[in-house]
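Below sits a lone chain in structure tokens, taken as the form predicted alone.
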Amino acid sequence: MDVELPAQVRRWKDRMHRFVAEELMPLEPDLPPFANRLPAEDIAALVRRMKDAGLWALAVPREFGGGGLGWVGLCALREALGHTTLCSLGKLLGAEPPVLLYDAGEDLRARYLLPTIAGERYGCFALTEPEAGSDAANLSLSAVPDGTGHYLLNGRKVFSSHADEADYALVFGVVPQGPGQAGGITLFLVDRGTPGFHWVRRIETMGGDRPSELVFENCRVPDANRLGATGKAFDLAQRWFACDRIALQPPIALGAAARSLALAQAAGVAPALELGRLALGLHAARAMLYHAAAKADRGEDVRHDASLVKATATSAALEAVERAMAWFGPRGYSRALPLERYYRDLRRFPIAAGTYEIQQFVVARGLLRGYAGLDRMAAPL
């Protein structure tokens, strides 16, 4: 059966579909083939039109001035956004700030959370390091207290998406343990332009995403910019991973796959049996997605669900896009259709924020250690 979305969520999803069709799809030919970039003035105009259409910050909690749609609403909006190849334009997603900022103190909320919600500031996530990819807990960037209420950050980060256009970075570093001093992985908010914080380069990829390499050389960050307790940042990272693996990659991927199959069906190039097989996979992934999002809205632990959803939805969507591209033959491979763009952009989803194999491992570990059970996977919405 279809997933029954609340009436309010359906209305906003329909409005986002109209915005995508009327405002974003006409701009697809203007997007450079190997970059998710439009001129800054075009992005600013799109943000204004999103606000005018009432589509800005809808999933932000009402206490922070948003629409309060929660995870289910956010998934619905991003699924609609996935119907355009402009879905990865960072600042179109910027109204939904990093989930970690909601737990910040009053000062950090005023300086980072609220301006991000307003579209005045934009942040990036700096976790991955050259020698710590899938093993995110094995970080080496150091954050050493200097005795003046500051930390000196030294190290490198790689594959930080949208860092070249971000106003600040959420940076994970290791505080050394000492007498009377807790140590471990700690999270800092570091402003662009802080001395010692260097944006080095964009990393070329097969898709439109151009993540960045960042270097920190004696970058002095005040303790007031520490988010959460010392040594507890990996727990915060897990919360971010859960949100990314449920409410970002899967709905965008499913939206792209739905458009791809619809194009093939309308053109009469889709073999019926294979079309049905792919549609079954997408339908199952979508039901799994909204089931997990509903659990998150109820405040339940969704870390196990996040791995299930990410692995299932991103792989099913990527296969659907690839097959649709093949059905069209040479035309599907050309830029005449959005399929080749979708394929290149979606290929990173089974890799970024935890590979497909890592998600399999997480699911297996949860089952073997008793964190999750097969009997609870079919819990009702």
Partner chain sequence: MPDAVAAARVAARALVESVLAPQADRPADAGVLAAIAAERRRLGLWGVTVPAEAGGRGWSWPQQAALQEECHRVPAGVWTGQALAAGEPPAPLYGAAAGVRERYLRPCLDGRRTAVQVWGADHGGIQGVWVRPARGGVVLRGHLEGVPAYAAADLVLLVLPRPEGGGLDAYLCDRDLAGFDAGPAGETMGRMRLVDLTYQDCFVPEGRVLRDCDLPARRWRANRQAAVLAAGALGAALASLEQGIAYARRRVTFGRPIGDRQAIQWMVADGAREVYGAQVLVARAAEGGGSSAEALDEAVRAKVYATEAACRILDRVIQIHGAYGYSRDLPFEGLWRELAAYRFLEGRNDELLAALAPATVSGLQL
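It should be emphasised that the depicted structure is a prediction, and the values quoted were computed from it without experimental measurement. Positions refer to the first chain, counted from 1.
What comes next is about the form predicted together with its partner chain, which does not appear here.
For the options M206, L280, A272, A266, the one in contact with its partner chain in the predicted bound form, meaning a heavy atom within 4.5 Å, is M206.
Shown without its partner, this chain lists E120, D107, E300, E131 as candidates; in the predicted bound form, only E131 has a non-hydrogen atom within 4.5 angstroms of its partner chain. Three-residue candidate spot R62, W71 and L248; no residue lies within 4.5 angstroms of its partner chain in the predicted bound form by any non-hydrogen atom. Put simply, V363 is far from its partner chain in the predicted bound form: not one heavy atom of it is within 4.5 Å. Remark: E357 counts among the residues lining its partner chain in the predicted bound form, judged by a heavy atom distance of 4.5 Å or less. Contact check for S334: a non-hydrogen atom falls within 4.5 Å of its partner chain in the predicted bound form. Proximity of Y343 to its partner chain in the predicted bound form: non-hydrogen atoms within 4.5 Å are present. Stretch 196 to 204 is the contacting one of 235 to 243, 146 to 154, 196 to 204, 303 to 311, since its residues have non-hydrogen atoms within 4.5 Å of its partner chain in the predicted bound form. Within 4.5 angstroms of its partner chain in the predicted bound form, the stretch 29 to 56 places a non-hydrogen atom from F34 alone.
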